[in-house]
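Below sits a lone chain in structure tokens, taken as the form predicted alone.
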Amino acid sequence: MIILGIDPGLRTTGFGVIEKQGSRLRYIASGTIKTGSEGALPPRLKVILTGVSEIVATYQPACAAIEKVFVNVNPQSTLLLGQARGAAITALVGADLDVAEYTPTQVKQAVVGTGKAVKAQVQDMVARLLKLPGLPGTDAADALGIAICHANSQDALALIGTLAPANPKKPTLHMKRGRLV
């Protein structure tokens, strides 16, 4: 299964594509979508929307995961980040992908083992887990970490689904839009 991870940002949106085969993860691609720091907001959001759509068309992921917005000290920055995130999510759901959402703490916990990890630790562990020859950039590493987090979370949710008692009146548990239902 091919998983796309997105680390949204208004200036730079990171993406990471991995393949999960059983319990093994394989690196496919990663990079960034750059909108620059100048110019009006709508054209910059279009760059994110178009860029994510092109990545989806190129790599044909089965599902996607994106980082949740956290509240900054500056509310204006939080609003802008939310709009960039919305553009990326629109591209993903427009391609009929299920989109899971993870907090930065969840991603760090899944990749490094502690929710208080710094970016350099995430970069290093992503490189190790995916057997990369070098360190990916910070935005690409975060996106790959989000994809890794989703790959690991799906295993846990699938296990929970198999352990849930079968109820003939209700269908068994399954994944829908990154959540167990």
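Because the structure is predicted, anything quoted here is derived from the model rather than measured. The numbering used is simple: start at 1 and walk along the sequence shown.
In what follows, reference is made to the form predicted together with a further copy of the same chain, a form of this protein that is not presented.
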TODO: Considering a further copy of the same chain in the predicted complex, find the one stretch among 55-63, 143-151, 123-131, 36-44 with heavy atoms no farther than 4.5 Å from it.
DONE: 36-44
Task: 4.5 Å heavy atom contact, Val69 and a further copy of the same chain in the predicted complex - done: yes
Task: Exercise: Ala110 in contact with a further copy of the same chain in the predicted complex, heavy atom 4.5 Å - done: no
Open item on the list: in the predicted complex, does Pro104 come within 4.5 Å of a further copy of the same chain, counting heavy atoms only?
Closed with: no
TODO: Verify the contact flag for Ala117: yes if a non-hydrogen atom of it lies within 4.5 Å of a non-hydrogen atom of a further copy of the same chain in the predicted complex, no if not.
DONE: no
- [ ] Pull the contact list for 8-32: residues with a heavy atom within 4.5 Å of a further copy of the same chain in the predicted complex, in sequence order.
- [x] none
